[in-house]
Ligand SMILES: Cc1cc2nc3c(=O)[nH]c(=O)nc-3n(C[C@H](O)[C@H](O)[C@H](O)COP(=O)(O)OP(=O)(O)OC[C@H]3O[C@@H](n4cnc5c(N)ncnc54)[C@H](O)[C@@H]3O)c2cc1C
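Just one chain is shown here, as structure tokens, and it is the form predicted alone.
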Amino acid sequence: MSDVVLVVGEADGDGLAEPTREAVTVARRLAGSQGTVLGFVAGRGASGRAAGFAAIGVGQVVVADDPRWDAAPPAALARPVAAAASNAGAFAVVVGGSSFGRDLVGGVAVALGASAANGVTEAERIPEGVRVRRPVFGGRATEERRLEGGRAVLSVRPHAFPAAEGPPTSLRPEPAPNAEPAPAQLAPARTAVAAASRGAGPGLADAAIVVSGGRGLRSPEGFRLVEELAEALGAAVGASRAVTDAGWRPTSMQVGQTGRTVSPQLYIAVGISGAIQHLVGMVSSRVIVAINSDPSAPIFRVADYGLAGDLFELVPALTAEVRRVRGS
């Protein structure tokens, strides 16, 4: 039985994105001490980004160094990824939990005739294939699945696994098979990319800490309490739909069913009542802290820690204490 697991690398500038390093951690667990983790990276400068795999101990990397892949949708990579997995005899393909990874999973699974799962928080190799666990129904339950059939394709839940680290190894790049983009795959050509408006801190997708504000802050000026606490913590800033609908902050900051889904190590909800539409987007966070003036707010039912009181007093006091402890 093969002990090879292929990890698809996602670009972040000239290096690899954090979700890819998390995927490598999962791949190592599946491959075991005697197995092999194989990297895959495509696009302009792919050969250079392959060094990012070697820096965390993955020396065997399949490379499709072709700038045309940068303009193609992620799902277009399914064919060369599947070909690389087949050539290597990989029993599993693992991708990070970003939109790039989630878009890729289905296409690779179809190309390989494999079973698939998104948002995985646990993964273990078993005789029948791969057993995974993942949150479902907006995080209100956890399901266990067996990915059978010889091959499995999965994406990991953001921040559910630690990012892989070294030791560095020597790089052995190989050209990717079937890496010529088909004309139809390049038809939806990307003509421009515009950065979304967000807070001054890290992006919501990658942040280990997120501080979100809701209607309880009463006004755009009140929302500054959230931004000040986030700045003190080095956190990303999020918002409820009530805030973005009111125009206090841009929709790119919205967390919830119709916004972004986040899974940080720490999520602080300030003045957010806890409607199910919001909970769907953050309930899988490792630790949830709720600060709300209403002690009966639904958010307290999912919170690990709660502060019921005047948030206009509590939040500034918390911000001041964080700054004192951190010497800022």
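For clarity, a rigid core is taken as the largest C-alpha set superposing within 1.5 Å between two forms. Just so you know, these numbers come straight off a predicted model, no measurement behind them. Residue indices: 1-based, along the sequence shown.
Keep in mind that the form predicted in complex with the ligand is missing from the display, and what follows is about it.
Only one of 74-82, 89-97, 212-220, 113-121 lies within 4.5 Å of the ligand in the predicted complex by heavy atoms, and it is 212-220. With the partner removed from view, the residue among T142, N178, T169, Q257 that has a non-hydrogen atom within 4.5 Å of the ligand in the predicted complex turns out to be Q257. Although the partner is absent here, A297 lies within 4.5 Å of the ligand in the predicted complex, judged by heavy atoms. Using a 4.5 angstroms limit between non-hydrogen atoms, S293 touches the ligand in the predicted complex. At the 4.5 Å threshold, heavy atoms of D310 reach the ligand in the predicted complex. By the criterion of a heavy atom within 4.5 Å, Q60 is excluded from the residues contacting the ligand in the predicted complex. Residues of 264-278 lying near the ligand in the predicted complex, listed in sequence order, are G271, I272, S273, G274, A275, Q277, H278, the criterion being any heavy atom within 4.5 Å.
Once the cores line up, the CA of A160 ends up less than 2 angstroms apart between the shown form and the other one. With a cut-off of 2 Å and the rigid core superposed, G57 has a Cα displacement that falls short of the cut-off between the shown form and the other one. Relative to the superposed rigid core, S170 undergoes a CA displacement smaller than 2 Å between the shown form and the other one.
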